[in-house]
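First, one chain by itself in structure tokens, the form predicted alone.
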């Protein structure tokens, strides 16, 4: 079961303050958000939300990584996205969840009661603008992922996945150059996410290690020794 986290962290001191849905809010608007928020924690592997479940809150990921997935009628499942720090869960105006949401690591969410949040959107232009920006970023990411799944080789897929982790960690200020990173998913989950086999994922990670691009400290923790070489493998024509 998830646990409510009693936190004295003010919105202005939040580690995702500069990227979250509330990043444009100040003064009275931030005070209102303070009153309708609560932190919830989930252990790795715990179900956060079930597809079709009634949702009485929206949330931002503060710490950890969660997966988005769908299960077909015959039991086949497909991971369709990752939620990283500052990513937003929920859709104002919708009271049902469209995807299964599972904690890939220990996760902390900053949750807002859905109805008060929707009311605040109607009178707070900065909050509405930021939510539109987040939605457009998600659309761009979905288009990039269509390219990855449809056209990229296994080697390019693995490199793109790791490059994305580096960029997101850097943007959030979570890591400095050459800091150790942690794969948020198991190799089986990475295979599911990228449309590859487990053997292919392991082989490609081993190849990046052998080429001196990655150094693994254990099965999950690794250091990127050559970010430029890694980016060259992604097949992307420009740095983000």
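Since we're looking at a predicted model, the values are computed, not measured. Positions refer to the first chain, counted from 1. Note that the rigid core is defined as the largest set of C-alphas that superpose within 1.5 Å between two forms.
Quick note: we don't show the form predicted together with the DNA, though the next part is all about it.
Using a 4.5 angstroms heavy atom cutoff to the DNA in the predicted complex, none of 67, 70 and 77 count as contacting. For the DNA in the predicted complex, the listed stretch (148-156, 130-138, 94-102, 117-125) containing residues with heavy atoms inside 4.5 Å is 148-156. At a distance threshold of 4.5 angstroms between non-hydrogen atoms, residue 195 is in contact with the DNA in the predicted complex.
Contact annotation for residue 199: at least one heavy atom lies within 4.5 Å of the DNA in the predicted complex.
Although the partner is absent from this view, residue 63 stays clear of the DNA in the predicted complex, with no non-hydrogen atom inside 4.5 angstroms. Proximity of residue 40 to the DNA in the predicted complex falls outside the 4.5 Å heavy atom cutoff. Taking 31, 188, 56, 53 one by one, only a single residue has any non-hydrogen atom within 4.5 Å of the DNA in the predicted complex, and it is 188.
Superposition on the rigid core between this form and the one not shown places the CA atom of residue 122 less than 2 Å from its counterpart. The two forms, fitted on the rigid core, differ between this form and the one not shown by 2 Å or more at the CA of residue 74.
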